[in-house]
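Heads up, the chain below is alone and in the form predicted on its own; it's given as structure tokens.
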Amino acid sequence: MTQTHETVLRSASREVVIGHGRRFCLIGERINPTGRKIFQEQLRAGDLSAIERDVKAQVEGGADVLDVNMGVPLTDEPELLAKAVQLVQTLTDLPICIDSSVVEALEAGLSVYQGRALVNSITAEDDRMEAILPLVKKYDAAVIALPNDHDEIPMEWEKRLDLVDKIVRVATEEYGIAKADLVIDPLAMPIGADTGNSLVTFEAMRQIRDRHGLNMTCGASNVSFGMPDRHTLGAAWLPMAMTAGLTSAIMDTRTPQVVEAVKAADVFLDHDEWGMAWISAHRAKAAASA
């Protein structure tokens, strides 16, 4: 059996560990202006107040880590992301996943972050690894890595595994990054396009876990894209993915149906000792409604 790894993330005062024997890590995705026109306009005008509401909602929903993305056209993204990271750290003690496709923005966010961040993300493309892995090393962060390259998003699990092998080799041998600090996104593709997509992803997860013992994450809402009743699909898919080796997901924690399915799966997978987290959450809910 391959040794499994634990990925340690920290804020200034709190530590979160992602691991195969631990409770599933929920990464709240809401602090992201993509597809949110009003939020984009507010950010362009320098109004960050919506971030406060988003942080509160994701934390109350049960997020363990918060993904922060400030990809707004016609703004200074590095400056905006640095400001957002600092603001979020005044509002919560949860660790942050710093999310940008712009290398300068990632560095700006990492340079002001207090703690040990998760960087979102690299691919198996040589230029992306060359640009971002030195930052991951410099700021002692962890990083999400996607097994796709210049040519394609591979639809076969074997090709995804080949690219994971490449990412692991380059990150550990050329940049001295620990395997524990690589969190693989096994590519959750929409089942609306092909209902066989998830079977490929589950097999990729099992292979990544069994070969490398790495932690994994994905954009959980991707799988149900274009389908009706997406929350029910998400609530079924995530526990299945957890049995295949998924240890975290980037998701909107304002969806109790999905969050509770994950917490229930933690109990059955023996990741919630004596079901204590499940029981205390139930008690808190009962007290709140009373």
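Fair warning: this is a prediction, and the values are worked out from it, not measured in the lab. Sequential numbering from 1, following the sequence displayed.
If you look for the form predicted together with another copy of the chain, you will not find it shown, but the lines that follow are about it.
Figure note: of the listed segments 221-229, 33-41, 52-60, 246-254, the one touching another copy of the chain in the model of the complex, with heavy atoms no more than 4.5 Å away, is 221-229.
This chain is drawn without another copy of the chain; in the model of the complex, the residue among Ala82, Leu187, Met129, Ile191 with a heavy atom within 4.5 Å of it is Ile191. A heavy atom within 4.5 Å of another copy of the chain in the model of the complex is found for exactly one of Lys159, Lys166, Lys137, Arg206: Arg206. Taking the partner from elsewhere, Leu233 is found to have a heavy atom lying within 4.5 Å of another copy of the chain in the model of the complex. Another copy of the chain is not drawn, but in the model of the complex it has a heavy atom within 4.5 Å of Asp270. Contact between Val65 and another copy of the chain in the model of the complex is not found at the 4.5 Å heavy atom cutoff.
Contact check for Pro73: every heavy atom lies farther than 4.5 Å from another copy of the chain in the model of the complex.
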